[in-house]
Ligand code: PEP
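Take a look at this single chain, the form predicted on its own, given in structure tokens.
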Amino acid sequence: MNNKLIIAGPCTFGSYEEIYEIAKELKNRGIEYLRAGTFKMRTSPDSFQGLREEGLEMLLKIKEELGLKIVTELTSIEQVRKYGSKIDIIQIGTRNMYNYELLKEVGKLNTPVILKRGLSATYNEWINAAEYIKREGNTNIILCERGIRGYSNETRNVLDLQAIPYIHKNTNYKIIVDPSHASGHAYMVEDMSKASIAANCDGLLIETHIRPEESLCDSEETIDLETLDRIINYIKEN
């Protein structure tokens, strides 16, 4: 899709039927990478933590049945050893950017890794975290700008588009943008996606659901399929 990596899907899911329905709609739109979380690191222990191993087995079944590539977060060394070679891209979440032992473990694999920027990480801290992966032998690293902590409550985070040219100029890494977590509001995602494309990002990671209001996690920042279609069309045209 104009050489842009497009990853879409729900933050998490509660059943095989739910994730299969979403995955099928994404495939019909030419999306090759399905993103869905099963090991969820939530701020509150009372929040839904994902289907964990059961959910990951569902994703692997969808990979086999629909031919989609699977992108999901792994949060422990044990998970990396068990599933790291079975999924297509490992996501390291913002909370684990500083988990250097986990980074070294994914560095031992050949599986591509998306490394999300920490909540208040500097560029150098982010790049150094990537080095922990790289020095173990895995050079297939994709950095993900997902917004950094600001001082306003009106948005979830502050999307730092300056990270895109900085990473391109100072590293050899690709950089994608997660406009969903950056804004925290579905109505902002389309505009922030377009802004990211204009800033020459290498791709987007977008929370998408057929019925966003039913999403078990981050429903307020999850877009519907119609919005995704507009973003896809914008990418094709630019």
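Residues carry their position along the shown sequence, with the first being 1. Remember, it's a predicted structure, so these values are computed and weren't measured experimentally.
Beyond what is shown, the protein has a form predicted in complex with this ligand; the following relates to that form.
Contact annotation for the candidate site: 6, 209 and 222 all lie away from this ligand in the predicted complex (no heavy atom within 4.5 Å). Heavy atoms within 4.5 Å of this ligand in the predicted complex map, among the stretches 52-60, 32-40, 189-197, 167-175, onto 32-40 alone. Out of the listed residues 95, 86, 81, 108, 95 is the one that sits within 4.5 Å of this ligand in the predicted complex by at least one heavy atom. Although the partner is absent from this view, residue 11 contacts this ligand in the predicted complex, with a non-hydrogen atom inside 4.5 angstroms. Looking at 76-92, the one residue that comes within 4.5 Å of this ligand in the predicted complex, counting any heavy atom, is 91.
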